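Take a look at this one chain, the form predicted alone, written out in structure tokens.
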Amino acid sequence: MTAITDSLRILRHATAFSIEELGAIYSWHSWAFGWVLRVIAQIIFYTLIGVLVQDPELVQFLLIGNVTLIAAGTAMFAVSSTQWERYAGTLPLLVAAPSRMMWVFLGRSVHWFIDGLATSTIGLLVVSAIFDVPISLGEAMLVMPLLLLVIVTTYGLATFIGAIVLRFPDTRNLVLNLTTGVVAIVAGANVPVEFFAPPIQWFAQIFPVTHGIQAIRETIDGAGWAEIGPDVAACAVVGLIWITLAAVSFERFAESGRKDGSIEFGD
């Protein structure tokens, strides 16, 4: 019981630190008039393809897909923020500490939850109004928990990649951009997953956002839980697998550092 209590305490402090860090990354005006406007512009850019071909269904398809990509993409920033411990010089202390370092890393980037949910929800409401897509406030409220699910499960993928990239910190942005680019292509945001060859369709299933996008589209279309449930469950299960792999990777990284002393201050 003591070990569980200590782990929860570490996770709580890491989460509190993360939320404080969000205030250091953005001021309210840089977030609202910088980041959020940039997000809205990105969603509008892709949604305009549907307007160009004069297909209202495609407009909604692209809108929902890219709103969900924003949620997932924000969670993917954890790949980079995981590396900040190394650059801050605190990584050797975390490795040397008697507790499991995975609790620190699973909590230290959760500020992206807040950012991702807020920006994707605002993007959905604003861009749907701009293009007159029939999404009511009630439907948006139903979508918000699904967007949060996408964020949390994608965070599992991001922290796993972050754990791997801890060994090669200079590659963090390259790996982040490659991963988000692949997700944007295969996850069904801009073209249906069924468009691709079967091997690519199977590959797309390893990304939580693939299942989340489908669940959100079904929700907007008025589907019941019987139709939405399998996609929600698949999203949650895939995310849990990634979080488990992330926890194992952090522990192996710590064990390796303790054995050979390869992690130095300022690395």
Partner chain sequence: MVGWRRQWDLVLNTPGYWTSILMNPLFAVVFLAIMSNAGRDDLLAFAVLAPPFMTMWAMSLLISGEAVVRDREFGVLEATLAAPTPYGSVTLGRIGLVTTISMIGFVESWLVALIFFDPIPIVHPLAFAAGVVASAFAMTGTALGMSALFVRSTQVRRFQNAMSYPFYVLGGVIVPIEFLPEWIQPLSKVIFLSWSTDLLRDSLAVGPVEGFWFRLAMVVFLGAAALAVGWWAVGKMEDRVRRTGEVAFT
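Positions refer to the first chain, counted from 1. Given the structure is predicted, the values throughout are model-derived calculations rather than measurements.
Just so you know, the form predicted in complex with its partner chain exists too; it's not on screen, but the next bit is about it.
Only one of 172-180, 78-86, 145-153, 118-126 lies within 4.5 Å of its partner chain in the predicted complex by heavy atoms, and it is 172-180.
In the predicted complex, Phe203 stays away from its partner chain, with no heavy atom inside 4.5 Å. Although the partner is absent here, Tyr46 is a contact residue: one of its heavy atoms lies within 4.5 angstroms of its partner chain in the predicted complex. By the criterion of a heavy atom within 4.5 Å, Asn190 is counted among the residues contacting its partner chain in the predicted complex. Remark: Ile185 counts among the residues lining its partner chain in the predicted complex, judged by a heavy atom distance of 4.5 Å or less. By the 4.5 Å heavy atom rule, the three marked residues Gly34, Leu58 and Phe195 all count as contacting its partner chain in the predicted complex. Among Val51, Ile241, Ala223, Ala233, the residue placing a heavy atom within 4.5 Å of its partner chain in the predicted complex is Val51. Shown without its partner, the chain has Ala24, Ile25, Tyr26, Ser30 in segment 11-31 as residues with a non-hydrogen atom within 4.5 angstroms of its partner chain in the predicted complex.
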